[in-house]
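In structure tokens, the next block holds one chain alone, the form predicted on its own.
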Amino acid sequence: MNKIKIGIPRSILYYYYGELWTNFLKKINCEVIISPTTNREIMEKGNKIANDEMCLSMKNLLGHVFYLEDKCDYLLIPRIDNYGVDNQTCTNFLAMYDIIKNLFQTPVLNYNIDVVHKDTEEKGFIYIGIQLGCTKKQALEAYDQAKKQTEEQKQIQIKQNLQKLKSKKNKLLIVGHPYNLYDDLIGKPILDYLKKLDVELIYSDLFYHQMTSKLSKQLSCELYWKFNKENIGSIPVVENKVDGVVFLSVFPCGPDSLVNELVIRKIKLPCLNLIMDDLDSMAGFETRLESFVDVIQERKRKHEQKNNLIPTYGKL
């Protein structure tokens, strides 16, 4: 008997749940098909399908779904509203299920996360497990095993990220959503170029989220977007350990445009705010990145020079 093929677009939610989904689906004997890393063909296809007002990340998602259209039995697209009253998501996380269901022919496998109404992640995984032929017990066991496996890998990544704070290189905190930071066409060229400039990169998504969510209150007590709180909450953790902050977002992301501007006005570290939209050329970004690294190097040199000054006193 052929396995059920589940298609996972390598965009947005994949960067939060991809490993958990994959581990879970394999444990219940499904075949997982993940779209390839983003290329220009995928992005251009998404641009053609998308509404002009959609952010670059949503256009990217639609391109990945288009790639999977004739390659799987189901698309896995959950509907995520909130993780609690003060932990809301961007409206795209709630709307993407309906958008994709109405734009594409492949059946959509979905579940809800709406903690306010008691729809939890665990319930969601049990629900899709049952839809795919499992018993409730089998689905729960598969979820528990997949969750443990995924959390162990996440712990390793967080420890590696924190370890980089001990580096002697110039260190930059990169603040952004993982679906932008690690996408091959959106954020990865920026990260790769910074690495060429011999800078150590620390990523805002690779911290203990319970801690960073609380620390975000030092910058704003009124934010209710879960992922933005976790991102900016990484700044108080490292503000005395890094040399600067790079904010990376896409146009026209509403939450990021508001939150990043608010934070930049409050922190004392050197900041660079990059908004990705036109992906045709890196030339403009390279100039800004080089200049920013020069600034932090000079600032660091002057700080060290000041600290190394030895006071001299004349004779009485």
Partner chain sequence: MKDCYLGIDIGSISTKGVILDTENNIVCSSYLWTEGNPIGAVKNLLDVLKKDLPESYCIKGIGTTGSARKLIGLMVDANIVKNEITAHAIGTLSRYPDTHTILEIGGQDSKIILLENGIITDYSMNTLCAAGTGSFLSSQAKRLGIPIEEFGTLALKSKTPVKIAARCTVFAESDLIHKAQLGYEKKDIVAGLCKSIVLNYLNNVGKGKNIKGPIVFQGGVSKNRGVVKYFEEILNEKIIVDENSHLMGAIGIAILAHNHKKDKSYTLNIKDISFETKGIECNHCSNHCELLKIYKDEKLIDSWGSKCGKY
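It should be emphasised that the depicted structure is a prediction, and the values quoted were computed from it without experimental measurement. Positions refer to the first chain, counted from 1.
Beyond the structure shown, there is the form predicted together with its partner chain, which is absent from this document and is the topic of what follows.
Its partner chain is not drawn, but in the predicted complex it has no heavy atom within 4.5 Å of residue 49. In the predicted complex, its partner chain sits within 4.5 Å of a heavy atom of residue 185.
Contact annotation: residue 258 falls outside 4.5 Å of its partner chain in the predicted complex, judged by heavy atom distances. In the predicted complex, its partner chain lies within 4.5 Å of some heavy atom of residue 38. Screening 260-268, 245-253, 58-66, 27-35 for residues having heavy atoms within 4.5 Å of its partner chain in the predicted complex returns a single hit, 260-268.
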